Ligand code: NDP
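What follows is a single chain, given as structure tokens, in the form predicted on its own.
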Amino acid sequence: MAVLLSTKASVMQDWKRALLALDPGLDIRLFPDAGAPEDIEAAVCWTAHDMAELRRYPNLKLIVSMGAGVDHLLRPPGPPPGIPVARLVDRLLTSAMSEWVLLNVLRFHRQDQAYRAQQAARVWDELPAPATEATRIGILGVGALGSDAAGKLGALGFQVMGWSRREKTLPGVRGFHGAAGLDAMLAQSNFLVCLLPLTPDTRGIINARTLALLPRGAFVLNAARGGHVVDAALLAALESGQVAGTALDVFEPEPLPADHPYWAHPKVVMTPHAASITIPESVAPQVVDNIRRARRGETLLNLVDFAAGY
């Protein structure tokens, strides 16, 4: 029985080498060269169009997303009925996301853009020192990614808050949950960091109403999914000064169209969905473990809850 790999051609061989290094006996097929459909028992993939393709494989037992998020795989037509989907939970994915969050919080907090503008203009001017311990950071989503970022921000001296659907307790983090908790946290957030999974309930959560609840001059960071942000509302908040700056790693659609206002906006810092990139060698052990578990009919790791959407 075989494993189908489907991702960008530039990294396909990296994934194959990482999996074979752990189990040389794996029969790995590279999409679109899947061979006989009945041979495929597991699919390790990234793109949503794979879901229609996977309906061709009658012996499929497992689908593995090549990242921490799975919303792209749950779009219509969605996975073949009855086939479990696993996501990746990985130390390097988590630490890389925290690095991106810290980089951009500190970029704005330490007035880096203002100092870079002064450097370009050859201006020597000391700006007022920021008050770290008085700065409140609200994190939307305190799962594996959000809780790690919260701990590292707290270690720098920031006041850290976290919001989740249900009540959650994390050391050193003020917890908020539910609709009322969201509004209460937003009203105190000098920085708003979005690390939520994208579900029907969280789509568009950063909108005109929620942005208006932030203290004037707040900063917004989104490294979750582009669908969390209503772009027109964020652009309007930047223009009015309600939001002083934003760092965005994710967009809808991707790649971002060349004529989109974000590209040239002076208050926008962009990265091309590169905040946290999967390293095949790091995640291969859990992928191979799940393939073996699926073959033996055992409990799978990091299964997606289709009802919750992540």
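We number the residues from 1 along the sequence you see. Quick caveat, the model's predicted, so the values are computed rather than measured.
Beyond the structure shown, there is the form predicted in complex with the named molecule, which is absent from this document and is the topic of what follows.
Q. Of these, 22-30, 257-265, 281-289, 61-69, which stretch puts a heavy atom within 4.5 angstroms of the named molecule in the predicted complex?
A. Of the stretches listed, the one contacting the partner is 61-69.
Q: Identify whether the named molecule in the predicted complex is within 4.5 Å of every residue in the set 144, 164 and 201, based on non-hydrogen atoms.
A: Yes.
(Q) My question is simply whether residue 249 lines the interface with the named molecule in the predicted complex - judged by any non-hydrogen atom within 4.5 Å. (A) Contact with the named molecule, yes.
Q. Counting only non-hydrogen atoms and a 4.5 angstroms cut-off, does residue 306 reach the named molecule in the predicted complex?
A. Contact with the named molecule, no.
**Q.** residue 79, heavy atom within 4.5 angstroms of the named molecule in the predicted complex
**A.** No, no contact at 4.5 Å.
Q: Verify the contact flag for residue 276: yes if a non-hydrogen atom of it lies within 4.5 Å of a non-hydrogen atom of the named molecule in the predicted complex, no if not.
A: Output for residue 276 is yes: heavy atoms within 4.5 Å of the named molecule.
**Q.** One residue of 237, 193, 224, 150 in contact with the named molecule, assessed in the predicted complex (non-hydrogen atom, 4.5 angstroms)
**A.** If I apply the 4.5 Å criterion carefully, the residue I get is 224.
Q: Tell me, out of 209, 136, 107, 168, which residue has a non-hydrogen atom within 4.5 angstroms of the named molecule in the predicted complex.
A: Filtering the options by heavy-atom distance leaves 168.
Q | Residues in 77-92 close to the named molecule in the predicted complex, defined by a heavy atom within 4.5 Å, in order | A | The stretch 77-92, when checked against the named molecule in the predicted complex, contributes only 87 at the 4.5 Å heavy-atom cut-off.
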